[in-house]
Each structure stands twice: as structure tokens, then as C-alpha cells.
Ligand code: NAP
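Shown here is one chain on its own, the form predicted on its own, set out as C-alpha cells.
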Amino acid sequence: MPRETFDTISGSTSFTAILGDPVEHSLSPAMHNAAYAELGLDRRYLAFRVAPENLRTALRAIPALGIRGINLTVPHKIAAARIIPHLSREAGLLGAVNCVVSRGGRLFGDNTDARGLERDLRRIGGALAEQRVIVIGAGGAAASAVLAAIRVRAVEITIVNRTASRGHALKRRFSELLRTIAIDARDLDALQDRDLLRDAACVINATSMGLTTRDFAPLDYAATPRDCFFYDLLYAPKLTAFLSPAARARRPYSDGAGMLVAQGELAFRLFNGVAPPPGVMRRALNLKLGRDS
């Protein structure tokens, strides 16, 4: 399909989409549609605001409508894992689903978040093998961060959360993978523990702090090594409340835009059976964020 006719939709156009509440802020349509245009595919990626009480109904409609694939964002990822009968091993381990496809009328759920973060951490080039990683949070995003840290061969992972018991629950979820990895869980006071921070190779924010609040929890950035990498799963045109102090402390940092691209590329292949053209989704996201490609 010529790129100049991409704005037309016909009865032969097929669809993928993202479901969330809210969803108006999502940049996934820009990324996926840029890849469709580049490949000349008669497909579109849409965004639907779906209230939590309507999620089950929306998911059941996927086979009937012939939708090729669905992404899920907040607040639906954990709920979908309880609704969808067939889960990938990774979605089951994380207890969350961010991709849904229909195969022969049956729904299958997967999760590309941990693989997306792993890809971005490796792209950035942080040397995390045999190192300590601190993960802030204990929800679904934190679970993805812990799994990514395991896969980049971190040997010590500290889960820091407002409620330490939730961190311990997250630790137990990964018990089968912990033969060569030490994981502990602590409350937010750990972010000012200089003995902990001085050995950190990477600190990952997997919470919404700074998005739903003006400030981030007190963290002693100066106590970390000068090459300690600060990674925020949140992304925005400007530095987040978690990353601004890291920049002032002259520590390397990145937001979650790269993870969004990487998990989106994985989802695109799952939905369409073909990889997106290299760099297209990243350029589309950067354009939306006002960044250089």
C-alpha cells in the first residue's frame, strides 16, 4: 500500500490496538502506525479507553472483531492475567499481561515488558553482570524490572518499596530463579542507606512517583558510585522527578522511552508476524517527545 494512501481505511483494513484507562496519553499508536506506513501494510493501530469493569467484555470481543492483537496498559495488565485462559510462561511469572492475540478464537496473553527493558539496558551498555541492582517498587512494573535484572546477570537485587512486605512477596515469586542471585526487600529508608547505595551499579524506578506526586522519595544520589546508572520506567519530554537529581549529581541516566520502543517492537512482531523496520518506531516516539532521532 503506498504511504500516501495510509490515511484511508477500507473494509479490508485490519486493526491492532491498545486498551487502557486513561489511554489518551499513549504514544503506542504513533509507533505502530509509523511501522505500518513504512511497510505499506493496510493495518492501523488504535487506542480505546476501557473502564476496568468492561475489560472482560472488551477482551472477549477480540476474536469476533478479527483484531490482530491488543496491547494493555494501566490499569489492565494484572486483571487481564486473571481473565485470559492461556498465558505464556513469562506472563504467568510476572502475573501481568501486556499483549493479547487470538488464535483460532482462543485468547493468548504474553508480556514483553521485561524483554523490552532487558533489550534497552543492553542497548545502553550498562555493565550490570555480577553487580547490584536496586529496584524501587513492588508492583507489575517492578516484577518486569527484577526479571530484566536477572537476565542481564545481576547477582544482587534489592527491592525497595514503601511496604517491605510487598517486596518480600515479589521476591518469593522469583524463588525458582534465585539459585545464583541474592534478592532482598527493604522499605524506602534503604534509599538513604549509604552502605547499600555505594555498591549499586543501577537504580531502577518502577513506581509512579514523580508522575502522581511532585517529588520523589528521599534518595542519597551522592552516595552512589559515579557510574551508577539511574533508569526510570516512566518517560516524559522533560526529566522526571527521579532523574533530575541524578543529572544534577552527574550520574548517567535514562528514562523508559527505550523500553517502550523495545517492548513495542516485540509486540509488533507478535501481532503481525513480521518485525518493524529498524529504527522506525523509535523515530516516531522521539518525534512525539520532541527529541532528536
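Treat the numbers as computed from the prediction; the structure is a model and nothing was measured. From 1 onward, residues are counted along the sequence shown.
Same protein, other form: the form predicted in complex with the ligand, not shown, and the subject of what follows.
With the partner left out here, the ligand still marks one of 42-50, 57-65, 227-235, 242-250 in the predicted bound form; by a 4.5 Å heavy atom cut-off that stretch is 227-235. Remark: none of the three candidate residues (G69, S102 and L107) comes within 4.5 Å of the ligand in the predicted bound form, counting heavy atoms only. Here is the short version: of L188, I181, V152, L87, the single residue with a heavy atom within 4.5 Å of the ligand in the predicted bound form is L188. Among A138, L121, L197, A91, the residue placing a heavy atom within 4.5 Å of the ligand in the predicted bound form is A138.
Although the partner is absent here, R173 is not a contact residue: none of its heavy atoms lies within 4.5 angstroms of the ligand in the predicted bound form. Although the partner is absent here, R162 is a contact residue: one of its heavy atoms lies within 4.5 angstroms of the ligand in the predicted bound form.
At the 4.5 Å threshold, heavy atoms of L219 stay clear of the ligand in the predicted bound form, well away from it.
For the chain shown alone, T158 is not a contact residue for the ligand in the predicted bound form, no non-hydrogen atom being within 4.5 angstroms. Shown here without the ligand, the chain has L233, L234, Y235, G256, M259, L260, Q263 in 232-265 lying with a heavy atom within 4.5 Å of that partner in the predicted bound form.
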